[in-house]
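We give structure tokens for two forms of one protein chain below, kept apart as structure 1 and structure 2.
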Structure 1
Amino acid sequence: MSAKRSSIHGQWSSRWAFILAATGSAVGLGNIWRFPYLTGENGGAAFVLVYLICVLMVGIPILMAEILVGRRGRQSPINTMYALAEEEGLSRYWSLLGWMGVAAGFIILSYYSVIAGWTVAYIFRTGSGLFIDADATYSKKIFVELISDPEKLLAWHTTFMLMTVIVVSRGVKSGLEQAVRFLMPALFILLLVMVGYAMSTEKFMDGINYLFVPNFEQLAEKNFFADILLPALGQAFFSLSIGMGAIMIYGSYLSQRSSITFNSFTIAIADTTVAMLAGIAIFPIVFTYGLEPGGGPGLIFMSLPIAFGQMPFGTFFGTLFFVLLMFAAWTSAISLLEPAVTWLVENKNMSRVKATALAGVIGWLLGLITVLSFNYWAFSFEFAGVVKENGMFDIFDILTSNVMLPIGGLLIAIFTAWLMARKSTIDELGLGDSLLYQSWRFAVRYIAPFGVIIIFLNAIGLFKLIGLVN
């Protein structure tokens, strides 16, 4: 029965369209902005290693589960969960999973748009040759000037949110495919250029060691579960766009014949490669120019412009880099809004344009909190052994990546591997009862849920730090 269901919002135009769109969703600020700065805050290679394990053991299996659910339900995540729960004879409260995803989507979008606004601002800063021969003090100063001015942040946040709303209101399927097809490879090549520059810097090997050779002594000082595992797990969810319905809604436009397994591995490999390249490009610069690896969310904005100021054709490459990063952020932001918009269209009988405008306004308003958390409302607190300085922005970020997305993923894993009939998932994955299928099922049945639960239980102590428990 469900094999015949089709989405009222349409289907992808080709086999590659889904992979491109989902990769567009996955690859974004998470890879190039968030991954390096978290790695820096968490001390380097141990974090990277744990992150890679999380992607493989928890991320990819849940990615597959989420696409599977989306394709079977073929509606907004809220209605998909409702329909599938009914079909499998389960409680309708499963639709709450969809609601939590929509909420997480709004919160992430609200700050994502502010940070994406920084990349737009940096297109102009780099393009005007501002960073030629810049040193670390100067690039820091430019960054601090930007974030301490709420009016500027507001203007760029508004610009980026409008861009997102315009694309989503037209339906994500038309332009997205073309954009990702050309821009992603371009971003990839440019990252290789950056890696090439990094290789020419004095401290290239320091950067590589920092990223890939774990320092176990330093690790012993940390609480492994709360300080390393939780942020690494959160980053895996954030970077793969899983746990909130973004990939589920893209899966709902996926043709019945397309292989979920192949698609998932392709997306995850592309996503992880981009993050690693970003790290390799950034840390040698950080060390060569004496920046602080744990410098927080400004890390790439303070480090990369120095490189652009030094390398041949740096103004050109730098401008292009921020343009491509803006596009990567754009294709991710679109997927953050899509679950809410499809629900409004399905349930509130709204036109797509109206639904998107409404959702955009909500995301924009919430974003004002982030705008102010870098200046007037800034306050600091400690989380997982790291001092976070940007109050509400950090709380939003921690709450979504480290709490809401993993809970979403946990529920998806329980739903697909414990509650859905085995036959339903076999039908949908199309792997038969093969070893590959059994490995997937083992991962979503045991590794993912128990992994998330254990990490949570161990990390509960962190709530003390933000004052939620004594």
Structure 2
Amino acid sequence: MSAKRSSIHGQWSSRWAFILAATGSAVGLGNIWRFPYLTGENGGAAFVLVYLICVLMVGIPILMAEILVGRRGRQSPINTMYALAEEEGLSRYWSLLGWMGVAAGFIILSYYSVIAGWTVAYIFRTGSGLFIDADATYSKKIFVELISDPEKLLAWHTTFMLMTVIVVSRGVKSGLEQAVRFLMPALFILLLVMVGYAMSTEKFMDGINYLFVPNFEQLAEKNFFADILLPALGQAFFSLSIGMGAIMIYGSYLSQRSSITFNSFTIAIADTTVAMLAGIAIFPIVFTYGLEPGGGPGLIFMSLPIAFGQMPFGTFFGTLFFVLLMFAAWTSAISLLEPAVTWLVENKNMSRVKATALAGVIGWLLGLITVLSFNYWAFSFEFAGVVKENGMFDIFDILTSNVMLPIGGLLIAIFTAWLMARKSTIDELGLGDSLLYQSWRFAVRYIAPFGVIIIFLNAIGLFKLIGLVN
């Protein structure tokens, strides 16, 4: 059935174009911003090892399942789920899975654009020499001034959303593919330059040991389940862009001849490589300049600028680093806007340019809530025992990352491994009834759903309630 379908939006020119695009979707602020500070907070090398296992056992099977669904349906996630449910004799309400993915991606895009705007702002702040000889107080002051000023946040949010809209409006080959063909190699080159600089620092080997050599004395002080397994599982799942419609729509542009298994492993390896390179680039700088590796989310925007202000050629390398962050955010944002655009084109008879403009404006307007969440509309609340201070931004983040994405990933696993005909999945994966196929089916039937359920239960605070975590 899938061989007779074709996407009205176009097709990737090659498997490598798809791999670059899907890797770009997966590689974002989560790899270069979130992964290093999570590693620092949760045990260094031990966290990294568990993270890699989670990518293999949970991330890749669901990634394969989402690409499989996208290629078989070859439409927007909403229409794909409707068509495949009908094909398999299932309820049409499975289209709600597509709606949830598109909605989650759209909400994420609205606040992601604001945070990505910070990276654009920091390119100019660092490049102007603002952080030369800066101390912790001054660095924090610069950051707080930025997020407290809604006009500045709005300007950078608008700039970044416009960058995203321009690329998506140009279509699959002229827009998405051309952008990732430039952005992804550039991102890797910039990372390697940063790694090259890190190799020249005094504490390079300290950073490498921290990242790759487990400290068993430190591990004895940690709760393996709460401090290592749960954050590693969550990072593995979310770093691959699963459950938000982006990978599904990119899969719909994939040639029938291209191997889903090969592509999925390649995307996961590339995504993980970026995270590791980010750690290799950041931790030697952290140790050389006496920063705290477990510095949390402020590691990038408040701590690293201090180091850039002290190091030789720090203005150059600091600017380079934030350009790198912007590229990573840009490739992800493009994939978050695409599912909504394809639905508008398919269902509202719009041109791609008009659909992209409409979706971009709605995403921009929704982003205003996040802009104001850091200043005029800020309020605090407690979720799962943790105090959140940024109002609706935190609510959006909790709703998508802790609820919608895990449920989306779980339902994709159930749909492909439990409800789709075995023949359908064999046909789409092209593996025959081989050991590799059986291994995938077992993982996506049992291991991956179990992992996603653990993420979800922890996210809603159940483990804290029953005392499994502090």
Ligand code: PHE
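Think of the rigid core as the biggest set of C-alphas that the two forms share within 1.5 Å after superposition. Structure 1 provides the reference sequence; residues are numbered from 1 along it. Computed from a predicted model, the values in this text were never measured in an experiment.
Only structure 1 comes from the form predicted together with this ligand.
Relative to the superposed core, residue 202 undergoes a C-alpha shift of no less than 2 Å between the two structures. Comparing the forms between the two structures on their rigid core, the Cα displacement of residue 111 stays under 2 Å. Superposed on the core, the two forms barely differ at residue 70: its CA moves less than 2 Å between the two structures.
Relative to the superposed rigid core, residue 43 shifts its CA by 8.3 Å between the two structures. A C-alpha shift of 4.8 Å is found for residue 282 between the two structures, based on superposition of the rigid core.
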